[in-house]
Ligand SMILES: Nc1ncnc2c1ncn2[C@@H]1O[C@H](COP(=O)(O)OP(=O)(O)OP(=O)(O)O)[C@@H](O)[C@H]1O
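Only one chain is included here, represented as structure tokens and corresponding to the form predicted alone.
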């Protein structure tokens, strides 16, 4: 569903790549967690997966479509929630969602059904007609999540999606991730909340200094790191070794 093959990215005159020869195969119907220290290359990877940044080398396939060769077709298969919810502040929430619906060609009845579903779920139905600049961080995050699900994408890519969400909204988002997986789709998300990754993910990849250092199920990670307790212990062991 999501194929990353020998992808690298270096900024400016840096000698060390931000992402170094990264290869990953994410399966259909899988929740994949992407974790690592600050500056490890998580956000750079996600920006390449969503076409915001071009890779220096390597290829990225979204549901079999080459992101570099066919960017528009590939991006239609992606729903993206960035780490920083900076969006069109002078639009109302409804105007933003209608804009997203137009971009992805979502039929009117279908988009209205999804808007109503997610806005009610996230208790945002009374903020429809307010400008986004009046929204809190959490409200903006919920609006972005709704927009990212508007076209029912095959691949959902989330960068620190729980940041700024209240406990109820965090729970609902995790339930949506599970539902997305249940419907045969793929979820790729980065997080610093290791307890969430441990409970939610089918597999996890740990990146450090731009390189993938460990990948597998929770049990496989524990076995490889010779740890029997938690993902946090595995993470600390592996990143200490890399340091």
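Residue numbers count along the first chain shown, from 1. Given the structure is predicted, the values throughout are model-derived calculations rather than measurements.
One more form of this protein, predicted in complex with this ligand, exists but is not displayed; see below.
TODO: Would you confirm whether the three residues 38, 42 and 160 all fall within 4.5 Å of this ligand in the predicted bound form, going by non-hydrogen atoms?
DONE: Yes: 38, 42 and 160 each sit within 4.5 Å of this ligand in the predicted bound form.
Task: Residue contact check: residue 192 to this ligand in the predicted bound form, 4.5 Å heavy atom - done: Within the cut-off, so yes.
Open item on the list: So, residue 18 and this ligand: in the predicted bound form, are they within 4.5 Å at any heavy atom pair?
Closed with: Flag for residue 18 set to yes.
Task: Contact segment among 230-238, 7-15, 215-223, 20-28, judged by heavy atoms lying within 4.5 Å of this ligand in the predicted bound form - done: The contacting stretch here is 7-15.
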